[in-house]
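Only one chain comes next, encoded as structure tokens, the form predicted alone.
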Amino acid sequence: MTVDEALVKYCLRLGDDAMILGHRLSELCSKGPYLEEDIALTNISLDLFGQTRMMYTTAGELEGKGRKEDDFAYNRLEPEFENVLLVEQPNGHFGNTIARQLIFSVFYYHLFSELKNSPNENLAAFAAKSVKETTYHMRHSAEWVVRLGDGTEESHWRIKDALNEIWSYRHELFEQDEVDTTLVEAGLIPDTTTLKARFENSIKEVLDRATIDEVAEGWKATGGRRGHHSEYLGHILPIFQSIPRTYPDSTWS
């Protein structure tokens, strides 16, 4: 695999992660527990879609086949998406949504903090912009985990149970394959294995504040980066691909 081929795949993966989670959060529009939180979740969704557009556009330019952001979003089949399984998981109750967001945001905060120093101008510019947004996403989800964990007896067990359910999905964020090793060896992206200790320390700090003891370890969720997804992605894609697939030549008048 060449560096350019790896770069295209890497950009698509970043875009896929952001788009699928952005869609999940968009499902909560008008369904937040109260108005301010409804707006907050919608804004996080919009930030993620902005990150998606940047990475899909960059991937198209690097690929050189004339594909645009809409082509990557609307004209790929399920096995062609390489997002992690974490982002496909259902919103569930509010605690489930926040637990998922915490794991995602903490990982990407540490990744973007390193990636902004990449010698690749596109990746560096993307990470420099995205780390500012992700810092807010991380703080927002962390404060909610603390409020729920250190709140009532019911809120405590609900957020702890939500973290137990989603915790094993973190492994895939740190997995590496030929795409990652090619770019790491080229000095273009950070080695995610070096981020794991920082990730775990950040999570532990939040859990300590939330009076939550060690989160339970379950089965190791993996496969998304290879196009092997949960049943949930098969329900997600038709929702936002239906119109452009049904009317491929339609335009806004």
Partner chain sequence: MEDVNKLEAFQAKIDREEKIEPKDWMPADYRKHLIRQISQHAHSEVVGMQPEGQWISRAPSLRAKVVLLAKVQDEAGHGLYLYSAAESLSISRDELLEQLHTEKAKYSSIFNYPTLTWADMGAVGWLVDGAAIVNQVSLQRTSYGPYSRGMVRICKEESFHQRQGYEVISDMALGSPEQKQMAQDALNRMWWPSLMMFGPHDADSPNTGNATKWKIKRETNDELRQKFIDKTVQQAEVIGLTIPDPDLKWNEERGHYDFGKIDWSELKEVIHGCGPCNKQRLNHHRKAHEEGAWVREAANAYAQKQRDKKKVA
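Numbering follows the first chain given and starts at 1. None of the values given here were measured: they were computed from a predicted structure.
Only in words, not in the display: the form predicted together with the partner chain, which the text now covers.
- Proximity of residue 152 to the partner chain in the predicted bound form: non-hydrogen atoms within 4.5 Å are present.
- For the chain shown alone, residue 35 is a contact residue for the partner chain in the predicted bound form, at least one non-hydrogen atom being within 4.5 angstroms.
- None of the heavy atoms of residue 171 is located within 4.5 Å of the partner chain in the predicted bound form.
- By the criterion of a heavy atom within 4.5 Å, residue 146 is counted among the residues contacting the partner chain in the predicted bound form.
- From the list 200-208, 26-34, 213-221, 183-191, the contact stretch for the partner chain in the predicted bound form under a 4.5 Å heavy atom rule is 26-34.
- Contact here is defined as any heavy atom lying within 4.5 Å of the partner chain in the predicted bound form, and by that definition not a single one of 107, 112 and 234 is a contact residue.
- Contacts with the partner chain in the predicted bound form, taken as any heavy atom within 4.5 Å, map within 68-104 to 69, 70, 73, 74, 93, 94, 95.
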